[in-house]
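Before any questions on how it binds or moves, here is one chain, the form predicted alone, in structure tokens.
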């Protein structure tokens, strides 16, 4: 073990607390996010890693209620179309969910990706979609920093990208990656909404970890890793599950 570069236990707990306590927030208080806090969130997002240091992200800050109302109309239309893909009773359950806070949150943020930024980017030739992946890392940084500041974030994915691009006047090479509702939440839920209401279950981590190749089993030195994965992750509150108990 080499703890030379590790954060202090208190700092590590803070990092894991932000990760495990992050939620997709839909219910907001009207209190605005102070400029200094918002600037910290944006700066955290801007310090995300990116392939070839391309930094493909931009952030559109939207407070105008009339503009947000037009985005909300796009959401309602897409939600109606999506509802048709579910049979009953799933359709009614889907329509009963509050899946956005576009008009409730004091701020909306659209995170975009510039597909042409940087020209020929080091490390992107074999995986050209790494520009979008990099933008997603900025979104995650923003989200975790927000949780650390007590700010809620909700990602609205039920939007047509082309319609949103036209509404926000995006250039041809720029695509929207995330439309975020941002503000102080009424509360942070203990569990994600879709997990708590039975829409989907959290997958068991031990079933998602493979060793050396797809489907590889934990033999040899991997056995200790498998036992630790099955037990729980560091600093995570104990959870119920179907893993066998780790050896004492």
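The structure displayed is predicted, hence computed values, not measured ones. Positions refer to the first chain, counted from 1.
Not pictured, yet referred to below: the form predicted in complex with a further copy of the same chain.
Residue 78 belongs to the set of residues with a heavy atom inside 4.5 Å of a further copy of the same chain in the predicted complex. Although the partner is absent here, residue 34 is a contact residue: one of its heavy atoms lies within 4.5 angstroms of a further copy of the same chain in the predicted complex. Though the partner is left out of this view, residue 92 does not reach within 4.5 Å of a further copy of the same chain in the predicted complex, counting heavy atoms only. None of the heavy atoms of residue 96 is located within 4.5 Å of a further copy of the same chain in the predicted complex.
Residues of 176-203 placing a heavy atom within 4.5 Å of a further copy of the same chain in the predicted complex, in sequence order: 176, 177, 184, 185, 186, 187, 188, 192, 194, 195, 199, 200, 201, 202, 203.
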